[in-house]
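Coming up are structure 1 and structure 2: the same protein chain in two forms, each one given alone as structure tokens.
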Structure 1
């Protein structure tokens, strides 16, 4: 049973400057909901209510978002805005959220190492704080189901076009089923020729406590950063590590173009926006139907 989740969210968000100069990129909204709220909701929908967020400097907005705001609640109650009141209260009550600061930005592996005292001797989920996955069954729940079957570290992967593998961390290994692979390779941004598959790491993991020993034994790489993929590669020499090809669509909020695409797609799913927004987009396309 996976009872705890870790959400690394300490990055500087330099690709979104100046918007992220004083606020976390994880708080950038998809319409009216911060990115990280979608991530926390996925963990909760997967049966996890004990969540550790690895934060950093200038990240207090996340703590404030998941805290109570009594003055706002009182105002909404007095104005009988029941729907908004219930929504705001839900945010504060959705999970038991704890925080620890990553003192220096030294890689995803270093961030996860900060969770060792919180997760202790039990397996735990990891959800990247700037990645949303839209799916019928929460992807974290998909990974939990795979973990319970194989009792092994489980990495979420997605199929990407072969000619774009150089943008991602790619895994390789032996197929155990249509969706499961026993991993024996982790390659960061390989060339098309070097890539062992077109399965890219998708920002969700179930990690066993042995990951901490692997992190301790993994040398730091470029920019003095400790990479999780390097530690996972070391772990494959000691125990089974499997991948699960996710059923769902991943949205990376880490760059501006993907952020814009995500906002558009989510808006088209919202009942109150879908028709007028679609009509607006159609009009824009028609008015600008010329080569750019």
Structure 2
């Protein structure tokens, strides 16, 4: 049973400046909901009850978001705005959320290492705080199912265009079924020539406590940071690690163009906006239909 999740959310958000100068990128909203709330919802929908957010300086807004706001609740109650009241109240009750601060930005591997006292001897899920995945079955649930079948560290992957491999952790291995592979290669942000495949790590993992020993034995890698991908490579020498090709669509909120696309797609899926927003987009596209 996987009951705990870790959400690394300490990054500086340099790809989204200046918006992220004084606020966390994880609080950037898609329409009206902060990115991190979608991520917490995915964990909750996958049966997770306990969440540790790896936070850092300038990240207080995340903690406030998952706390009560009594003045706001009083106001909404007085004004009989029941739907909003319930929505706001629910956010503070979504899960048991804990925080630990990463003191220096030393990489995703270093961030995960902060979770060792919290997760103890249990396997746990990792969901990157700047990545939303839209799917029928939550991707963390998909990973839990694979973990239960193989009893092995499980990493979510997706196919990316070959010219984009250098943006991701890339895996290589042997196919076990149509969506599962036994992984023997993990390379963080390889060049096209080095990449063993075009299967990219998609920001969701099920890790076992053995990852902490692997992290201790892993030297700094890309960007002089401790890379989770490198620790996973080390782990493959000791135990089985599998990948699961996700069923769903991934949105990287830390990237400006992806953020725009996410907002448009999510708005088109929202009942109250779908029709007027679609009509608006169509009109704008027609008016601007010219070669760039």
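Since the structure is predicted, the reported quantities are computational estimates derived from the model, not experimental observations. In this text, the rigid core denotes the largest set of C-alpha atoms whose superposition between the two forms falls within 1.5 Å. Numbering follows the first chain given and starts at 1.
One of the two isolated chains is the form predicted together with 1-O-phosphono-alpha-D-glucopyranose, namely structure 2. Residue 191: CA moves 2 Å or more between structure 1 and structure 2 after rigid-core fitting.
After superposition on the rigid core, displacement of the C-alpha of residue 224 between structure 1 and structure 2 amounts to 2 Å or more.
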